[in-house]
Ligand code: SAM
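This document starts with one chain, in the form predicted on its own, laid out as structure tokens.
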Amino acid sequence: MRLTDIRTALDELQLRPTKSLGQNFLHDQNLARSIAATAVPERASFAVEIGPGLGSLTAPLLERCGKLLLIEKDARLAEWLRAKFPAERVEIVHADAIEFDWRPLMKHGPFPLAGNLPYYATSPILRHWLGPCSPVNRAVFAVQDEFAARLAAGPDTADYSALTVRTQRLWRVRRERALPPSVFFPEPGVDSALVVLERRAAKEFPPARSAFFHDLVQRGFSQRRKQLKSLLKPDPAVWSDWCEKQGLPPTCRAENLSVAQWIDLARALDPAAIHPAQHDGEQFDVVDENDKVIGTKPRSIVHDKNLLHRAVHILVFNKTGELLLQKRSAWKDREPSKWDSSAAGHLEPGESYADGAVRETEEELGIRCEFKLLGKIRACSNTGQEFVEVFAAQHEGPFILPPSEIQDALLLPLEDINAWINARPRDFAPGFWEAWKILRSR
């Protein structure tokens, strides 16, 4: 969109750019095409743009994807965009991107996100859209250059911060290029930059519990001049041993730790990280086709020989009826990184289904609650040859998720889960398909 086009559109709308909304419209057409190519490197079926404004970036984005969702906070611009772009390919939502509910977008699978972000909203937009459960796999933003420097910073630099560490745990970040004020109208009073964030591979870093990690990093950077041992107050012996293993002095500060070291520190200090991971030596009851116990075998033999055994699935709802889904750890031996029931697991030898539901819910979610039996699933290939009893419970959290078992969890309305599982069934563990059938049949 050329500068003359922007001026004409603003005159038609009788609109003056609003500083409080960060309205600085991109007018360099070549730059817009370059940004679109960076945001969607290969043709995508679906993409999202935050803050499209007058559509300068929207048009080149639409050339590279099948369908586009635009989230525009200014009602006047949202209405103008509806008249400009084809409704069959472009959905325009008048909403604040910080408050937008992206959970219904899970059905689209991993998708790219782009936008020219207002400076005042950049940090909350990143927190809202780029968390552990986000469906975004690549984000390309025009942001204030100072903010881009903070996102891409390395240890032992002035720009390295809690924001840096929290973001880089999940995302590879690079500052792609400078964006001078002259490419925007009106010209902003600060320099901008294009920043690219790409989702890290599932096993690039060891698992860490998100809530604990974020709190730890925030406390560590709360007073940059203070030593970490003074801010975090770890057990002295644990701290001394950890620093020695990392080759760090016990007097180190927050900015001295790399992202990998922050993750390792969280794993060393988080009580939930001591939850034992699955292992081949675990013992399972083996059952016959009538679910009667006929012996006990190690986990490895039960799975290798597809012997019939027992498990439970627990579906935990909040008071509004949203269902908690867990994302299985990438280190699980079966269905890694798939979405699954709120809690699930094998029964221990001699354990009843009801007792197994209590234990698994405590171990995987850190909660105690009352259970209601929803139904039973016969052993089949989808359950991994497990007889499964499915229980329902209600709890408002918070949930404590052992990182060796669960990557993260997300509460979702049932209609959103239904649309997602119909569109992308392979995003879910097959055992959940069966539990979902039990729930939907009631």
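The numbering used is simple: start at 1 and walk along the sequence shown. If you're wondering where the values come from, they're calculated on a predicted model, not measured in any experiment.
Another form exists, predicted in complex with this ligand; not displayed. Remarks below refer to it.
- Remark: G431 does not count among the residues lining this ligand in the predicted complex, judged by a heavy atom distance of 4.5 Å or less.
- In the predicted complex, this ligand sits beyond 4.5 Å of every heavy atom of E362.
- Shown alone here, L26 lies within 4.5 Å of this ligand in the predicted complex, counting heavy atoms only.
- When contacts are judged by a 4.5 Å heavy atom cut-off, A95 counts as touching this ligand in the predicted complex.
- Residue heavy atoms within 4.5 Å of this ligand in the predicted complex occur in exactly one stretch of 174-182, 70-78, 203-211, 319-327, and that stretch is 70-78.
- Of the listed positions (G356, G220, P112, P118), a single one reaches within 4.5 angstroms of this ligand by any non-hydrogen atom in the predicted complex, namely P118.
- Residues are counted as partner-facing when one of their heavy atoms sits within 4.5 Å of this ligand in the predicted complex; in 423-438 not one qualifies.
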